[in-house]
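Only one chain comes next, encoded as structure tokens, the form predicted on its own.
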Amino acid sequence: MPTIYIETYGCQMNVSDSELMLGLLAREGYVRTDDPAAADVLLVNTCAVRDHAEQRVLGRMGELKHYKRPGGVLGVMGCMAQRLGPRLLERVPQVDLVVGPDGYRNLPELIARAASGERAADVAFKSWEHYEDVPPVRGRTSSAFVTVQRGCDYRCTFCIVPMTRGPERSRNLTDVVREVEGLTAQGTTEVTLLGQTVNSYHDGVHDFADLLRAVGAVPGLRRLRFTSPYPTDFTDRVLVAMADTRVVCEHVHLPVQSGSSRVLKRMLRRYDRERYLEVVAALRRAVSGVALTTDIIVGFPGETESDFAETLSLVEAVGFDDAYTFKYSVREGTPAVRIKDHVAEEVKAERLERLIAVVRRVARGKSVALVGTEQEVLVEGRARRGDLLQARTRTNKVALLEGPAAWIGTYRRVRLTGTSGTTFTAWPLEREPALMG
């Protein structure tokens, strides 16, 4: 049986796409291996959002080429493959295959051609492609990603995604519900709906509010998450659906990118600072105890110290539970390349350091306030270090606890006993005699 090794970089969408690739190749008799040295086919599923991510992949390709056997295949998949296309074959001679997000259906044929010595690239956009007939091979059963929307029509000036994922298109609601029903029948209890601007979902008849209600009604589903939404696509209908659908978790990842209205306008975001804060307030009115996380870019072209100060004050004003923070990275093909007044690298680095300090302080304050509370957690697996289990609350907080391996995939009631600022320690309440039975 031919063996395949896949490494995945980037967002949850890439994780979901890797599961699709495994499903496609499993139908052709391929068997997955976690050892690159044992693989006939080595694939790297890539991210192109920042230059750093691409440089990591290029470095990794230099390492993986040493595992390539005679007649073996080394391929680059995903967003970086889409962005660079055939140029990647020229840049890295050891690469045999370059396939974008809409080309995975042709993988078996492309791999066969590459194994016979024909290097190939497939980076054509296919507006109809949702891989409906492909059963993904997922890594675990208790929780699953379900892609409901592909591509993006928003043209933020800093973002490469419209160029790597193509135009926005949504799956039919009935197809999504059918997939979730299949998952719950196999024991999955938590689902995360994926899309580039997931709450702009519309299949021509149904909107995101309809989707939340329909998926939330699937028997056996206990938790429903989604990522990543666009701030101004939280319509009143969506907010009401979130409030009414019991399984929707109390966590929203709400990318802001900057706290300055002037910078947001340059980014071509469809809101200003005031509108973003209105969305935050609306979410908190609709969903009691909602935890908010975000994405923030520092050093966008033209960002002044005053603009940056507005970002710091926004972090304080919102009280984010956490934030993913980045230095602006020039992306060839994006409109921001043409914007002048680029911020010096040393200034970006210094601002990023200050931003991280504020984010951590605010997040730690939120976390400390939760110590001593009781929470429901889904035990996801073994923690990376020690003999502890890793679990997650409805508000997306990671908690570490002692317990048997049999707890993996189950829900437990715990008391949060301490925090590092982002991760919690927890005590299973079943071990407290007064709460047993």
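Residue positions are given as counts along the sequence shown, with the first one as 1. No experiment lies behind these values; they were computed from the predicted model shown.
Omitted from view is the form predicted together with 5'-deoxyadenosine (5AD), to which the following refers.
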Open item on the list: For a quick test of understanding: in the predicted bound form, does each of G259, S261 and F320 have a heavy atom within 4.5 Å of 5'-deoxyadenosine (5AD)?
Closed with: no
Open item on the list: Can you pick out, from K327, K366, R225, R169, the residue that has a heavy atom within 4.5 Å of 5'-deoxyadenosine (5AD) in the predicted bound form?
Closed with: K327
Task: Option touching 5'-deoxyadenosine (5AD), based on a heavy atom within 4.5 Å in the predicted bound form, out of R165, R351, H251, R331 - done: R331
Open item on the list: Taking any heavy atom pair closer than or equal to 4.5 Å as contact, tell me whether R412 reaches 5'-deoxyadenosine (5AD) in the predicted bound form.
Closed with: no
Task: Residue contact check: L314 to 5'-deoxyadenosine (5AD) in the predicted bound form, 4.5 Å heavy atom - done: no
- [ ] Answer for F308 alone: is it within 4.5 Å of 5'-deoxyadenosine (5AD) in the predicted bound form, judged on heavy atom distances?
- [x] no
Open item on the list: Is R50 near 5'-deoxyadenosine (5AD)? Define near as a heavy atom within 4.5 Å, in the predicted bound form.
Closed with: yes
TODO: Could you tell me which of 217-225, 293-301, 82-90, 233-241 sits within 4.5 Å of 5'-deoxyadenosine (5AD) in the predicted bound form, going by non-hydrogen atoms?
DONE: 293-301
TODO: Sequence order please: the residues of 367-395 with a heavy atom within 4.5 Å of 5'-deoxyadenosine (5AD) in the predicted bound form.
DONE: none
